[in-house]
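Okay, here we've got a single chain as structure tokens, the form predicted alone, with questions on binding and movement later.
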Amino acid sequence: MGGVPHGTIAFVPLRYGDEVVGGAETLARNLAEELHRRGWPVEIITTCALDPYTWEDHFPPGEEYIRGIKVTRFPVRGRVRTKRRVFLLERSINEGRRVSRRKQEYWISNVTFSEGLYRFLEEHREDYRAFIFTPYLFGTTYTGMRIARERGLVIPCLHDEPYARLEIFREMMRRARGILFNSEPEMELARRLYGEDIRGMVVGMGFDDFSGDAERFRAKFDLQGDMILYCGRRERAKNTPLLLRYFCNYLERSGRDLKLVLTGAGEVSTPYAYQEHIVDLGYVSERDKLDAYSAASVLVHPSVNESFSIIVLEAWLAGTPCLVHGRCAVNRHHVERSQGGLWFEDWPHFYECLDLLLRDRALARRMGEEGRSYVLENYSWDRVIENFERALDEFGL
């Protein structure tokens, strides 16, 4: 492939595009775009998928350029072959049952599969300096890493979950030329699972400072009074049903006139009695999201499965304090280091923390300022790109 500039870095996320919502995809896109802005030769190799539930092809296959970066897409096959067998295997994995190596291989090959993408990697493996796959939990990453061999790096976005303990992923992580972690707790988890000697470094993602317009957001969506904010996918894995239940209980007990504003993809089941207090905006523009951070009194992030938590760090840039789940090692690590918010582990703790942040405005404002200072100090693009360059050198690429 004569058209590949010497030393090109190829990012291989499962999905790619401005419409794509997801932490791993956002991280890969932002890192690729920042490298491109700094003159690095970068390409994207991905699938045609958009929806993370159906995995149906949405984007046309072939090449396009997004903000100057070449993007090559291939059709993807999701869970369409022997659905029941794949579902039963997945349930066994989630329940912590022993699943044979052969069945693990069968399962991962049916999670997502892209024959065209694999063929491209085989044919052009020698044309790229490195291939960076993300996240760990899909067939395109698992099979792609085997094809890329000594040029394969992975941004795993690893969570403490049953999937992470599978033999196939242990072997993939140990075989990787290098692992690019998003945070110290994520790297510590990987070392517990796969061995202290795995080759990995913390790189993370950088953030551009911004100024949100709270009044514009409130006027656009006709929102008055106190509001707490949730951004991201609405699903059980992100603990959004728990958040809705806790929020309704808080309204019942506190008697406050308070709204929960949700943005992002996925279904939300709103109890009828609380519909006027729960505002589901669905997918919003980047401008609206940044303004929402500034308009919120508190950002609540109930997920326990995070490897980096972009939403929390963005909210801190807006000076908004965060309330996170204490069983999420990454978010608790951020909060403890920054003093930018509080964490909860059960309903009484949630009530007391949220009530304190809403009642003591000076404390909330101070925590938001501490969070902002933490992000600016630790997650500038200069620092992240320096980490990335050091990682490539460490891995001999």
Partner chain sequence: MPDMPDMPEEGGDAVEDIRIGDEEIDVKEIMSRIDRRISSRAGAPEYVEEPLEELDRKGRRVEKSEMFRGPMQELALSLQFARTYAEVTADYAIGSRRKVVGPLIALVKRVMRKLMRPYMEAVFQQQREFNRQLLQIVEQLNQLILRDRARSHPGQVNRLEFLERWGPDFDGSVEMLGEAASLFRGFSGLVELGAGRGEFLEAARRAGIEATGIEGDPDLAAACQERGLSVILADPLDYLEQAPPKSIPAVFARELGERGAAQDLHYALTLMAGRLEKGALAVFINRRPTSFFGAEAAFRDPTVMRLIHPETLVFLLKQAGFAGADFRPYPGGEEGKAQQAREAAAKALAELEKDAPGIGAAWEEFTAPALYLVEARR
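Note that the structure is predicted; figures quoted are calculated from it, not measured. Residue numbers count along the first chain shown, from 1.
This protein has a second form, the form predicted in complex with the partner chain, left out of what is shown; the following refers to that one.
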Practice prompt. May I ask you to check whether residue 220 falls inside a 4.5 Å heavy atom distance of the partner chain in the predicted complex?
Written response: yes
Do residue 335 and the partner chain share at least one heavy atom pair within 4.5 Å in the predicted complex?
-> yes
>> Is residue 274 near the partner chain? Define near as a heavy atom within 4.5 Å, in the predicted complex.
In response: yes
Quiz item: Within a 4.5 Å heavy atom cut-off, is residue 224 in contact with the partner chain in the predicted complex?
Solution: yes
The listed residue (70, 372, 36, 349) that reaches within 4.5 Å of the partner chain in the predicted complex by any heavy atom is 349
Heavy atom within 4.5 Å of the partner chain in the predicted complex, from candidates 32, 49, 328, 367, belongs to 367
Does the partner chain, in the predicted complex, lie within 4.5 angstroms of each residue among 42, 63 and 149, using heavy atoms as the measure?
no
Assert contact_stretch over 298-306, 120-128, 251-259, 137-145 against the partner chain in the predicted complex, heavy atom within 4.5 Å, equals 251-259
Residues in 277-297 that come within 4.5 Å of the partner chain in the predicted complex by at least one heavy atom, in order, are 277, 278, 279, 280
